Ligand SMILES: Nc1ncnc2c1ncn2[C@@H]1O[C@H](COP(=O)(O)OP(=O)(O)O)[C@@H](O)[C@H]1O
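Single chain ahead, by itself, as structure tokens, in the form predicted on its own.
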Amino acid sequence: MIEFDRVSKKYGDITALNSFSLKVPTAKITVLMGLSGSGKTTAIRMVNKMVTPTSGSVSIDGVDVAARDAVSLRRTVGYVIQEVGLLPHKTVRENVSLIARIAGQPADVAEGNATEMLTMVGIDEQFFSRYPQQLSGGQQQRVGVARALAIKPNILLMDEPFGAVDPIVREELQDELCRIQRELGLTIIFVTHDRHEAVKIADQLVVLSNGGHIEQAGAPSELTATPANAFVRKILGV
């Protein structure tokens, strides 16, 4: 389980998070949803120590992230963002296996994991030797997910990963993500602005307002059936 305990983060005079507390259940998809400035990205980047809290703590299975070595921590936490960031001079397979090797896997193991994860996310073998610019936007996102999975993480952080693809491809990627999560038992924290996406994939849906204030959290069916206030109703389009 991931737990945020009264976490605050300030950037100068700007408060991104103010006493944010949340428990993220193991092997479930938790979706953070809110307007820009609600601290969603700041929160998830604390899990892999890309952001350090001003106060409070973030723990994984009871161990404070602050006590963990950043490099070893990131070898167990996958991270996927909208700007996939594939290396243009590396093939699809090389992009995926390189990350696995950086994480400490022997070359042959990294190659095997790359093949396994690319297949799992729906990339056909004929594309393994192609370069990122030869892929569609949806295919690039799939490769980005495969790259994050190749390190064999227990936790996957996803920040608006499907925001740049067309609606049909986005639906397909959502379906693939849910299938992969079930097969691998991943703990996923997923950030989105899209209410349809949030309701579709979340086991736990968390609606945030400015400063990371939790307006409501629970199963999507609970939030859509009994929204806590006008803000939640507006965000979810209820």
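In this text, all values refer to a predicted model and were calculated from it rather than measured experimentally. Note that residue numbering begins at 1 and tracks the sequence as displayed.
Not pictured, yet referred to below: the form predicted in complex with this ligand.
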Practice item. Spot the stretch among 40-48, 59-67, 181-189, 198-206 with residues whose non-hydrogen atoms come within 4.5 Å of this ligand in the model of the complex. Key: 40-48
Check your understanding: Even though this ligand is not shown here, does Ala230 get within 4.5 Å of it in the model of the complex, heavy atoms only?
Key -> no
**Study point:** Exercise: Leu35 in contact with this ligand in the model of the complex, heavy atom 4.5 Å
**Key:** yes
Practice item. Find out whether any non-hydrogen atom of Ala16 is located within 4.5 angstroms of this ligand in the model of the complex, and reply yes or no. Key: yes
**Study point:** Residues from 182-205 in contact with this ligand (non-hydrogen atom within 4.5 Å) in the model of the complex
**Key:** none
